[in-house]
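In the block that follows, a single chain appears as C-alpha cells, in the form predicted alone.
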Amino acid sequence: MHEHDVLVIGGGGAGLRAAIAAHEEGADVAIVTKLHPVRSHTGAAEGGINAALREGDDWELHAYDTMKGSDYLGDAPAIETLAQDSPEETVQLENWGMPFSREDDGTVSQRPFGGLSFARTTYAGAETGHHMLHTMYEQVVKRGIQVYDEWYVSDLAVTDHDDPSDRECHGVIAYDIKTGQIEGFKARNGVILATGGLGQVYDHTTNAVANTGDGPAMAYRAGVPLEDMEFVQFHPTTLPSTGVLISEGVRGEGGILYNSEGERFMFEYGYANNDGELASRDVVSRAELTEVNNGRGVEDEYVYLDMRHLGEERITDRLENILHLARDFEGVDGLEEPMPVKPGQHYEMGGIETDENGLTCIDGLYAAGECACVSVHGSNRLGGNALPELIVFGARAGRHAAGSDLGEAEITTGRTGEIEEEDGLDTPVEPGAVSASTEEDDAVADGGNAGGDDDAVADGGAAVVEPDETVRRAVERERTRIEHLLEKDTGVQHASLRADLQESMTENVNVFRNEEGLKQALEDIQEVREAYQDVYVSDPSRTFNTDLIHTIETRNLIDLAEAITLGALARDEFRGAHWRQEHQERKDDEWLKHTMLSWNEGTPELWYKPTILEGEDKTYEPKERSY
C-alpha cells in the first residue's frame, strides 16, 4: 500500500496546481494519473486565462460578466472568488516562467473573448493550455513531488456509513497500466479528484479519448451529489471531421462567421446585434445550427470561419497553431480560405458538488477543475474562464487538503441548509425507460450499477472506519471485479455499447433538446446499461491492457450520460446551454436553483438547492441576457 498525506488524482491543470499548493503547505503529496501530466487534456486549451490585470478593468466586472454568462445560475461567492484570485494566480504563472504573449511595450497581451465587457483574456499564442501545463509540471519536478504515471484510479476507498455525509475517504484504488497490478493508495489528509471532463459521452467532442468522467462517476457512486449535469457546453467552432477545437481566440482577434450565402449571420439575422461572433458560446452555437437547419449551412453541416482579413503577420504571431490544425485535419489553408466549423461538445458545466475549497460532503474527499461544480459557470461557461478555474480552485483545494485553514466556505455541500425536495419529473417516461421518480409515478429511475455488483457504494452493516482496513477492503473488491472482467471469455464488448451510447447522446441530448428525444435517450441508456451486465474484456493480457481500461471507463460514461439526461428532462425551461423546444423561456420563479442528483444505492434521486446570488457587497439580480 502506498501512503501519502495528500493524493491528487489527475495530472492536468487543476491537479498540478493542487499538488504544488499542498506541497507548499508542507504536505507529502503525490499525483496519481492515467496519463503523463504533459499529455493531459489541459494542453489542448487554446484561448487564454481571464484575469483583471489592466487599468480600467477590475474583478467586479469579471464577476458580473461571469454571472451574466452563467444565465444567473452561478453562485456569487464562488464567482467572486474566481475573479478575485485569478490575477494573482496568473501573475504566479508568469513568475514561474510561463511565456505569455506580449505587446511591443513588454506588457502581457490580452484579447477580447465572448461575453466579456473588457479584453481580459491573457494568452500564450493559441497554445495557452499547453504552456500552462508545462510550466506547472516544471514546478512539480522542481519540488520533487511524486508522480505515479500511468496508474488508472478506478475506485475510491470510502467508509460505508449509511449517510454519505458521515463517510470518510481514506484513499483510492489504482490499476498499474504497465504491470497490471491493483494496489491501494492511502491518503492521511485528503484525496483531490482532478480528472477533467467527460466528453466521450458524445461522439463529436473536442475532448481527448481519455476524458471519460472518471472522477464524477466515482464520487457519485460513493455518495457525493452531482450538480447541474444537464448543462453541457457545445463549442461553436470545432472542425467537422474530428471535433478538434478552433480557438475562440480566432473570433477574439476579429474572425468572422459566414453562412453558405456569404452572410455574416450573427448580425444579419439578429442572433447577437451588439457582440456578433463574440456573443457567449451557447448563443453562437445555437445560431450556427439554426443556419444549418434553415438551409444556409455549407453541405448541410457547417458554416465558415474566416480570418484571412487579419493578415499573415497577425495570424502567424497570435494564431499559428490554428493554421496547422486546419491544414492537418481539413486540408484548408487559413491564410487563403475560410475554415469549416460546427458546434461540438466541449465542456461540462456541472460536476461533483464542492465548496470553494473543493471539499465534498464526504470528509477527506475534494474535487477541482472541470470534474467539480463550485458553481462558477452555472448554465454556461464563458470562454477564458476554464483555465483560471483550474488554478484558482486547484490551489485552494490543495491548501485545504494539506491542512491549511482557509476559513469556512460560504457554500455548504450535501443536503444541508435550505433545500427544495423534488423527487422527480411531472411526466413519467414510457415503460422500460429511466426517469426520476415520484410517489405518484411508477417509472422509477433504475440507475443500477453498470459494473454488476454494488461495489462502489456502502456494503451495509457495521461501518468500517479504520483507514487501512477501508483501503484494503476496497482493493479486494476492485481486484475481484477486474479479475471477473478478465476471466470472462464471452459476452458483449464495451466498444459497441459506447458507440450506441454516444450516438444516442449526440442525437438526443445535444444543443437542441426536446422531451421526446430526451426520453428516447433514457431508454437507450437503460438498454446499454443492461447490456453492460454481460460485458467482457477480449484482451487477457495484464500489461498495457487498454481494452480493460476502456471497459471500466464505459461504465462511468453510462452513469454520467444518465445524469445529464435526467437533469435535462426535469428542467423544463430554456437557460444558458440548456435549450428546450417545448419551453422557450427562462423561468426564474421556478428554476433559479441547482439540479442535484444522488446515487441512492443505484437509483438516481433528483433534488434541488437554491442558487446563491448574494455576493460580497452586492446581490446579482437576474436580467435578460442579450449580446
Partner chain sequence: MSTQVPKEDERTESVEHEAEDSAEQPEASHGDRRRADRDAKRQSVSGAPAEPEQDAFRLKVFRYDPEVEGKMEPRFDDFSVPREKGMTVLDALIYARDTYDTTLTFRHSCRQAVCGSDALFINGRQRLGCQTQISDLDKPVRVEPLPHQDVVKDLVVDMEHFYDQMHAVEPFFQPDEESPGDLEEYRQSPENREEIKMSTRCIWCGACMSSCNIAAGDNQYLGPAAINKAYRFAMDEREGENMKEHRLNVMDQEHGVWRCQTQFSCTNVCPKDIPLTEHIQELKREAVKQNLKFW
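Remember, predicted model here, so these are calculated numbers, not experimental data. Positions refer to the first chain, counted from 1.
What follows is about the form predicted together with the partner chain, which we do not show.
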Residue among R479, K488, R308, R102 with a heavy atom within 4.5 Å of the partner chain in the model of the complex: R102
Between the options S260, N510, T159, T554, which residue brings a heavy atom to within 4.5 Å of the partner chain in the model of the complex? N510
Is there a heavy atom of H134 no more than 4.5 Å from a heavy atom of the partner chain in the model of the complex? yes
Does any part of D300 reach within 4.5 Å of the partner chain in the model of the complex? Heavy atoms only, please. yes
Would T290 count as a contact of the partner chain in the model of the complex, using a 4.5 angstroms cut-off between non-hydrogen atoms? no
Given that the partner is absent here, does V108 sit within 4.5 Å of the partner chain in the model of the complex, heavy atoms only? yes
Non-hydrogen atom within 4.5 angstroms of the partner chain in the model of the complex for each of H41, E150 and H550: yes
Only one of 575-583, 560-568, 29-37, 57-65 sits within 4.5 Å of the partner chain in the model of the complex by heavy atom distance, namely 29-37
Pick out the residues of 528-560 whose heavy atoms come within 4.5 Å of the partner chain in the model of the complex. S538, D539, P540, S541, R542, T543, F544, N545, T546, D547, H550
